[in-house]
Each structure stands twice: as C-alpha cells, then as structure tokens.
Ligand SMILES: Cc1cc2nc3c(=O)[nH]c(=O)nc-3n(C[C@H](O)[C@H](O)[C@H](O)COP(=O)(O)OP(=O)(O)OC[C@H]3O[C@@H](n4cnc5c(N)ncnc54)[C@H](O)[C@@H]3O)c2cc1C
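Below sits a lone chain in structure tokens, taken as the form predicted on its own.
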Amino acid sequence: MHWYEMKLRGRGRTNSAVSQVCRPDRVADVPKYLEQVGHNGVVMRGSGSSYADQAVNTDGAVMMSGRLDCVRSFDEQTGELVCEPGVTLQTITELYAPRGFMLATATGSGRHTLGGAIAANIVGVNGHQKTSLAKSVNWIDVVLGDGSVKRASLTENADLFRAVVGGQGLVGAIVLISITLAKRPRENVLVERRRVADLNELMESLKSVRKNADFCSVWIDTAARADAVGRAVLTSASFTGEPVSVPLFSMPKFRLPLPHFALHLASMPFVKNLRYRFASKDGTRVEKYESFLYPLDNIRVFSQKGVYQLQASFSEAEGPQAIRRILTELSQSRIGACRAVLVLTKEDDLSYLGSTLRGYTISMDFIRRKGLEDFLKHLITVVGEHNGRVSVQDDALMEPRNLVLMYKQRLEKFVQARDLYDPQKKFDSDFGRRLFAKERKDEQ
C-alpha cells in the first residue's frame, strides 16, 4: 500500500490542491486505505472530469479509481452489467454497442468513469426520454467510513442510494455497480441540424422534439441580442434503419489538446455569428450510433486561465422566462460564454443533491477573467429566483445559502444520510467543506 503527494485540479483548472494520493489495485484494498486517512478525509476520484473542486482535497487524501476497472459479469438476456467504478463510459460502449446494447444515458463525453458518472448523476442528450443515469442502476456496493460495505438501491438502503448518487463522493466510496444496459433499437441514427431564429421559435421546436426524437441538444448563441436572443442550432436524432451517409468531404476529429486561444475564439461574437450562419437551415444525415456519441471527446481544449461551468435546471413552466433572462443579461454584459448547450429533461432527479427538473437544463462555460466570479454569482441568484437548481457536479462558486434555497428538504435528507452513514466525516473534499462549512462549524 502506497501513498504519494500529488497536485490535482479540476478539469476547468480553476481549483487545485496538493493531496496524498493512492491507487487501489483491488476493491478489497479500499477499506485498508481508509484506515490510513487523516483529518481532512478522502474523496474518490475517477477521470477528474468535474470542472471545479468536487474531486480536489486540500491537505487531504484522494483515492484514484482508475485501476478498479474490471467487468465482473454481463447478462446478454437482461442487459445487466456488473463492474467496478473505474470502467469508463467509452469502454462500455466499445464493448457492448457491437452486441446491440447501449447505456441508457447518452452523455457528451465517454471519458467519465461509471462510478464518477453515478456520483454526479449526469444527464445526457436523451434526458427527455431516459432521465438520469441513476434510473438504470440496479444497485451499488458502497464502502463506508468504518470500512464496512453496504449494498444500496431504490428498494434497499434507499436513503444511502439517494445520498451517494449525485453526492459527489461525500458519503462513501462506490466499489461495485450493477447497471442495466438498454437494447439499441437500430444501428444508426438520423441526425437533423437546423437553425432557429430566436427563443420563441426554439421553444416551439422543442415541443415536437420532446415527443418524437430520441436525442436532442441545442447550441445557443449567447452573443445574440434584442429580438434574436435565443437563436440557436438545434440538433435532434432518432434511430433509423437507413444506411450511413458517406460525405464527399469531412473534417478530421482532433484528439489533441488545443490552446486557450481556441476557447477565446469560441467566445467571440463574430465567431458565434459565423457558426450560426454556416449551420444548415434544415440538414439531415445518417450516422453510426457510436460516431454520434461523445462529441465533446472529439476536440480537447484547455486554458491555463481556467474555465468555469454554470449548469442550471428549470421546470417547464419557469424555463423559457428564466433562460431568456440569463441570455439577455449575458448579451448585455458582453461576457461571452465559450460554450452554451441546452438539453431537455424528463423528470425531477431522484437523488438528494441531483439538480435535474422536468424541463430544461442549460450548461455554459466561461473563460476565467476579472469580474467574472461576481457575475456568475449573480446568475446563480437569478437561477434561485426562478425556482431553478444549479448543478453541484461542476459548480465552483455556489454558496451555502444558495444550496439551502435551491435544494430545501432534499438537502436536509442528504445531511441526515451523511450523518448516519459517515458520522466521522471520513469522506470529504474542498467542495464538501465549501458548501457544508456551516454544518462543520455547528458540530464544533
């Protein structure tokens, strides 16, 4: 058993810390490592895909799950996959898509580990059809702070299940997962991309998409102003038996990191305008399902300045008004988002710290700059005013008062479950100390 010092940071490079790091080779090693954890606790870290401080632990311990990547079993009849938490979504797709199976949630990136995806309870571009990833999880085995292992599901230790799913690793360590893979209806998908001129047209278009499409995502031009607020490129897709389209020319898929300048370009109004203008008014093509998945993995962009992500969910009733207000304030402030994506969601999140509501989820990335933090904190307040929830999976700036306002009774249940299953706070992180500072102060 070996620990070593390492500087870790979130994917957005806004948060970093020096921690003591270990890499268990087997599930049985996890309780042994827990015995050696010091006063600042430990957090399990998968691929490090969270933008901020969710898997960062200053002067504490971090347990890497990358070596816990064994597939234990797969039932071809039921689609049940039993595996360890370090298996990536991309690996699952590569192994089982050729056999006609798919993960129930189609995410933007396949680099997430399955354990990390469950701890964040991520949603995908089929969120209006399949809800969150947790709905396809049969059970999880969780190592608690005292080293014991408990199995949790929606019917067994349900409070533990709802606290660990979406709980950012603050209650226990997921060491084994049973998840049901869905049968894929067809091998290919018919993808339609089209421009919409404003938010009203977008909302009308999404009504039919919610009923008919299997997948849907919207790129939004956050620089559009006045009557053009909400103009976007809507991408929808449905499974089809048609053969794959072979284009005469296609751009290569880059998998090399690109510099900060690429992000800076993406945030500039004239580049957004070009992207909108060059998008097809009504274009369709057939793609292989595997090629359609994980678009965020095609190009990796980083910035030494750091990138903040703000992801917020709104109900169907509040969504249009809230999104219009956010986009209007963005365009008026001229603070450009280098990425803004909207997806539909089917129902409220089942986990205590899950942000998803039946309606809309908008995700925006911003290059770190002077004054940006204050503006994003203002947007977080706007989300609360419209009865929305800021997602904790990539948040870097939310304060405890906002968490209480947005999550209400769900937060109380999470705290109760955490106190019950990890009374010594063996699992902790910078994220946990930031948002549960008052709780820690009350205990002292």
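Computed from a predicted structure; not experimentally measured. Residues carry their position along the shown sequence, with the first being 1.
Below, we turn to the form predicted together with the ligand, even though it does not appear here.
Checking R23, R11, K425, R434 against the ligand in the model of the complex, a heavy atom within 4.5 Å turns up for just one residue: R11. With the partner omitted here, the residue from T222, S236, Q168, T345 that has a non-hydrogen atom within 4.5 angstroms of the ligand in the model of the complex is Q168. Put simply, S355 is far from the ligand in the model of the complex: not one heavy atom of it is within 4.5 Å. In the model of the complex, N57 stays away from the ligand, with no heavy atom inside 4.5 Å. In the model of the complex, at least one heavy atom of G48 sits within 4.5 Å of the ligand. By the criterion of a heavy atom within 4.5 Å, L296 is counted among the residues contacting the ligand in the model of the complex. Exactly one of the stretches 414-422, 396-404, 49-57, 379-387 approaches the ligand in the model of the complex with heavy atoms within 4.5 Å, and it is 49-57. Annotation for 155-181: interface residues with the ligand in the model of the complex are Q168, G169, G172, A173, I174 [heavy atom within 4.5 Å].
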